[in-house]
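What follows is a pair of forms of the same protein chain, given separately as structure tokens and numbered structure 1 and structure 2.
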Structure 1
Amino acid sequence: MTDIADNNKPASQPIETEKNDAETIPVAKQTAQTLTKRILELLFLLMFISTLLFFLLRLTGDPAAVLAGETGDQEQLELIRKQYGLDKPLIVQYGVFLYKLVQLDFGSSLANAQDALGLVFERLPTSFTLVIIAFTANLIISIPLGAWLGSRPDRTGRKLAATAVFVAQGIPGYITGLLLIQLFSVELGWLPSIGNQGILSWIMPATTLAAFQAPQVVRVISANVAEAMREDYIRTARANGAGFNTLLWRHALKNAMLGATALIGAQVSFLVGGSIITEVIFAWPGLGRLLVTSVQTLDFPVVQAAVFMIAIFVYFAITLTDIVFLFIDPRLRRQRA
């Protein structure tokens, strides 16, 4: 009788919840918490990376020997070391470095005496624009292609396309770049292959960089869509008369993107790494090429400034991914009461 009485309670009566039930945190509050946490983590990360890089660079060689050249004598070496403070004990150099780092002062380039951070800022727009274009092209191609491959994986055409994507995943980025140069620059003469000579110069570097991680994104989205298409809610919607396009693009892909968002966010860090190789292949006047040249010439201040700014950019992309997650997945905004 007690059970019957309980079942007959008015529908308007609120149902009591346990104290441990999850409560949803407002998006704005959760976003502020995430940003605060990420900023603190970023400060620690920048200090750690800068310190580690400082000591690693000192193990790579003597910049004074590079600046003096093969004809430099001992007196010239000592003068150069004194000029740049390289004659001081390592711990003293590190203390001076930390003091200047707090002020975002990386010193002057050892190669041309220009401000190191200024040199980095000159190259930043070109490199990061290239990364953003490649990232956008990656998504425009990968998401529809992955959804198409995962929608009906048993079809012969889709199996062949999935095999091609799998093979493409194993092709290194520099091979793609060299093939594009050979075809569109050497053979056809359609596109410039060296430097930034206008809008046409962006096509091959951006394509090379986009192809660097596109196959992996396609495979993940394809697998997630294939799994989503087998869920009960898809069968229910199909039984209620929903069309194939509605099932795929409005339901299956939406849920598949929950699992793919983390990978897509991580693409930025991979693209930044891939841009270094791409810029070398196409002689691109960007930050990656500057970084490679600075490492080769032991230009410590420029290397430190470049890595510092790259770390900030990558961490910003990761933080933005976390915030997007908060909006698309309410489960992340739940906490125990």
Structure 2
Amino acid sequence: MTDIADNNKPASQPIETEKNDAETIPVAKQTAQTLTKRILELLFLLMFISTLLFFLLRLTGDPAAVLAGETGDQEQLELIRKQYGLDKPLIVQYGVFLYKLVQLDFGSSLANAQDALGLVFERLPTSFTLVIIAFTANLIISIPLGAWLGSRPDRTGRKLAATAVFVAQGIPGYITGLLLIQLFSVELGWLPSIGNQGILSWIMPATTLAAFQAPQVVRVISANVAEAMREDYIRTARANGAGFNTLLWRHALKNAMLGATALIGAQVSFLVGGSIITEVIFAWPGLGRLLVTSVQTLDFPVVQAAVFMIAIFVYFAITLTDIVFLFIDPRLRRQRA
């Protein structure tokens, strides 16, 4: 019964593979296609976000009042209107707004008059490092665990472990973070709970961030491995006398990882979202915390700059994974019917 179901998978039919190899598109061409597509999407997204921000700020009433804050008097309001060109017609304002965005001119922070983009760039490296560490830690833990779970999913030990993963998937990162602080900072006093104070203070934020997404990655990898282990080429390899470990780590896992391409792209966006909460919990001096504080104080120039940079960063990461996998996985280069 399962055999019949397995043979139905169109992606794994060997006859088709041969036929399709003839229609393989050159990598360079496909890279160019991917790049164009992604850049178009990014432009669309930036356009959407900027329009959204522009009209949101105006929908809420007088943007000058928002920009001036609660303390602004009439004179200040007039000044701000002049300064930001808010006395002109809406369509002109929008044009000016877009023109400035194209030049990446977001204006200066309302809180301390620093250049908004400069503020964002100042915070970017810490956030970037945190995300990279969490991402790497996640892969180091999730891939072997997923492979182990997926290789023999029916055994009791694996079933218990899989239950634990399922439960872990239901625990949001902010709860993990609070529990970690409670355990390692308050009770044991081993790790500092706030700020960036050297290598020890990296452990908990990175763990929290990795815990946000690790269960999901584990589940996908193990599902892919379980599926790959039932494929024909594994049976062939086994018939040729390959040992179980070779089968799992060399043949099945490789295939399962490549199948998880789409997931990795989505994970970047997920990680960036998760890093915002993580940074707030651990008072981490990164981009996410800057975004939250500037959102709370309605510091719009900084919000815009931060959102723009996040969008560009995510797109950069996604495009990079796209292209890397294009080179690694020949199946992606096949012409689609």
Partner chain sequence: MTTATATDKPAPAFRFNKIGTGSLQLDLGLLLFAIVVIALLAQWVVLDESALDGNLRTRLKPMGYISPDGVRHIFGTDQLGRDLLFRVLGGLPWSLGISGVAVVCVAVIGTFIGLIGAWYTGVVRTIVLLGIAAMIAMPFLVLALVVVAVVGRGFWPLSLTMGFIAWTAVSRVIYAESRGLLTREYVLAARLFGVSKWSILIFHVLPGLRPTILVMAAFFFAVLLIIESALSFLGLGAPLNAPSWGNMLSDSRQYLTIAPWMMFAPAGAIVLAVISLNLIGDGFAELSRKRARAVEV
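All figures in this text were calculated on a predicted structure; none of them were measured in a lab. In this text, the rigid core denotes the largest set of C-alpha atoms whose superposition between the two forms falls within 1.5 Å. Each residue is numbered by where it sits in the sequence of structure 1, with counting from 1.
It is structure 2 that shows the chain in the form predicted together with its partner chain. Shown in the overlay between structures 1 and 2, fitted on the rigid core, is a CA shift at D115 smaller than 2 Å. Relative displacement of the E78 Cα between structures 1 and 2 on rigid core alignment is 4.0 Å.
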